[in-house]
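The chain below stands alone and is given as structure tokens, in the form predicted on its own.
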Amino acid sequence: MNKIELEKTHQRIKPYVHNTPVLTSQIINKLCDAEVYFKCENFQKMGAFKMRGAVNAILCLNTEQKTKGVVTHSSGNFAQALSLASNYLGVNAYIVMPKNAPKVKKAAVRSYGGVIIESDNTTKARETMALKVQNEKGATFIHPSNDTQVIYGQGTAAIELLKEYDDLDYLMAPIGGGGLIAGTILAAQNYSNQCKVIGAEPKEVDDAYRSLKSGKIESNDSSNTIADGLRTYLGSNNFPIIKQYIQEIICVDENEIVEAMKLVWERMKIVIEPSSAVPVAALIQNKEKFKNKKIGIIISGGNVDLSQLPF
């Protein structure tokens, strides 16, 4: 992926997304003995970075594809992103969501005009239902994290951060399906001379960490993590990028995630979801490694069910 294509992607989606703010916290800087810059995608339209990839993927479709609509499967944030992006662009969006997806996220999808089709809670069930909708409606399937245009779109958050702060030592982001971290890697390669990318993942769903070790895509037996946005696994398009270029993946436990989330809520006065707290926890738990460094963290989203807060 070259810089020209990444820049085209950035310019293409600009009219439809926010250039989100970059915030700092003296308290967190002091706690970590580092300079930390938070790229706040919790302030993105629909509340998460996934708006970027969704808009880009739809804009790259041809007229016939747009007429027939798009379909995806998602437990939450990409469901909302594709629904809102489709609404902006006059395209029908069919969203396969597991029955146990948070009610607040289902309500948001409906408010953005997405048509929800419920499936059983397994990944296989979601994929099967999405294929059925694809065949019945003629809709184009857009994968939440493994679609190439989605990956390029997600990388624009890091592009904006690096355009503002081009001397970062590290860029950190959570890893779920791998779209954000792969896009972040591509951005770092093309917009920085020195910035290394580090992924952060819950220990309860450490498939990306294990995939890096084994050299092939691993899955999880359990999905028992508060970081509901990170329960998915890597794909054939994003894993090669991650495998070749990521510096490392740091895993954190559930209590560390909750404490990091609480810290950001209390000290920065911003709403972040558990998935966003994972790289913050990784930074706090590895302070020595990052001492006196400049670190960017992608705060991936802020879509929280306020009746289910962990603190």
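Source: prediction; values computed, not measured. One-based numbering along the sequence shown.
Quick note: we don't show the form predicted together with another copy of the chain, though the next part is all about it.
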| item | value |
| --- | --- |
| Interface residue in the predicted complex among Leu59, Ile284, Ile270, Ala34, criterion: non-hydrogen atom within 4.5 angstroms of another copy of the chain | Ile270 |
| Candidate stretches 247-255, 64-72, 276-284, 261-269, one within 4.5 Å of another copy of the chain in the predicted complex by heavy atom | 261-269 |
| Contact test, all of Gln26, Gly302 and Leu306, partner another copy of the chain in the predicted complex, heavy atom 4.5 Å | yes |
| Contact test in the predicted complex: Tyr191 vs another copy of the chain, heavy atoms, 4.5 Å | no |
| Phe239, heavy atom within 4.5 angstroms of another copy of the chain in the predicted complex | no |
| Distance check, Tyr112 to another copy of the chain in the predicted complex, heavy atom within 4.5 Å | yes |
| Those residues of 39-78 which, in the predicted complex, come within 4.5 Å of another copy of the chain by heavy atom | Asn42, Phe43, Lys45, Gly47 |
